[in-house]
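Only one chain is given next, in structure tokens, and it is the form predicted on its own.
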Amino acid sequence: MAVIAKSQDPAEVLKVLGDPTRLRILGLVERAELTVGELARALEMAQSRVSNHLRVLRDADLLQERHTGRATWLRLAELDPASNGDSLPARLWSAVRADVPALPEHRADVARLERVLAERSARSGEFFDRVAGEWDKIAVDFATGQARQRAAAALLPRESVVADLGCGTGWFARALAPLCDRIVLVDRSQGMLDEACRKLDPLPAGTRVEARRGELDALPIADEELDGAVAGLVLHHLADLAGPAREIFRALKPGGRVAIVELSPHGEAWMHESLGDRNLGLDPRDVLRALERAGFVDHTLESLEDRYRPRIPGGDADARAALPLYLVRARRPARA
């Protein structure tokens, strides 16, 4: 007699979804990728109790885990995308998810989650404010400089409005300045924006710069304002790629292009603390998938003959990592 996997046994999956605490967990991790500790705070439960439920959800293929250093990140599983949402866990979760807000604890869970995410964002912003003046010394060193040259070349022609998203101290913007009419700098850190403007002064003749403080998943940019956008070594600082991809799509004019330079996955765990990195690089397939789902077309992926060379803490002045980079390009479709 064939053995049915738990994730395909209706009785088992119904048993998992019959527990209100597990429904509360799924309702939260569907909203944001969370650490176990963050989830426990949002639920106001002991971490040990939450962990027991997480094991059950994982066994039912309803939960995905991602490990970075000592942290475990949780999100709702993609639920067998090859089946177009027709797998048993996907169908059963779809049947109950609309009723999760009716749980008596749901409103308080969401309010606590928003506080947890706000605190996380504040910590990240404070970190970059603190290191803005030294960022070029500790985190902006590349082997050849080809990464920003290639990203800049992807955004021609000259008469254009281009955004440097997550601009930091403006390393990419300095390459863009001679190539466009107007540069829009976006960063969550005011300290980084101030440093970028300082380093861009004086600007090439005919180029204007605007600094706008904001998040990549809520860009301070009008609909269809941009001809092009570059996101250089910023997406690996984020928990989610879907929101930024949708926002970039919204901000680009039809036919506008985005160029993304990112780190390939690596094992330099010290970069979590020293450089504020959330992820140790990004799988380019995840970046391409996020762009495709946002509506972009003409996706391309290129490896770069360049290396990101941040200084390794605790070593001598010449102790640096040498991390590979890639370039992803895509286009918002032109209007028919």
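Heads up: residue numbers just count along the shown sequence, starting at 1. Everything quoted here is computed from the prediction, not taken from an experiment.
Not pictured, yet referred to below: the form predicted in complex with a small molecule.
Is G232 close enough to touch the small molecule in the model of the complex, meaning at least one heavy atom pair within 4.5 Å? Yes, G232 lies within 4.5 Å of the small molecule in the model of the complex.
Report whether the minimum heavy atom distance between C167 and the small molecule in the model of the complex is within 4.5 Å. Yes, contact at 4.5 Å.
Does the 4.5 Å heavy atom contact test between G255 and the small molecule in the model of the complex come out positive? Close contact is absent here: in the model of the complex, G255 is far from the small molecule, nothing within 4.5 Å, heavy atoms only.
Looking at the partner-bound form in the model of the complex, is R250 within 4.5 Å of the small molecule by any heavy atom? Contact check for R250: no, nothing within 4.5 Å of the small molecule in the model of the complex.
Contact assignment for the small molecule in the model of the complex, among A259, I221, L216, L176, heavy atom within 4.5 Å: It is L216.
Would you mind picking the one in H106, R182, R188, R120 that has a heavy atom within 4.5 Å of the small molecule in the model of the complex? By the 4.5 Å heavy-atom cutoff, the listed residue in contact is R188.
Name the stretch, out of 110-118, 208-216, 127-135, 92-100, where some heavy atom lies within 4.5 Å of the small molecule in the model of the complex. This holds for exactly one stretch, 208-216.
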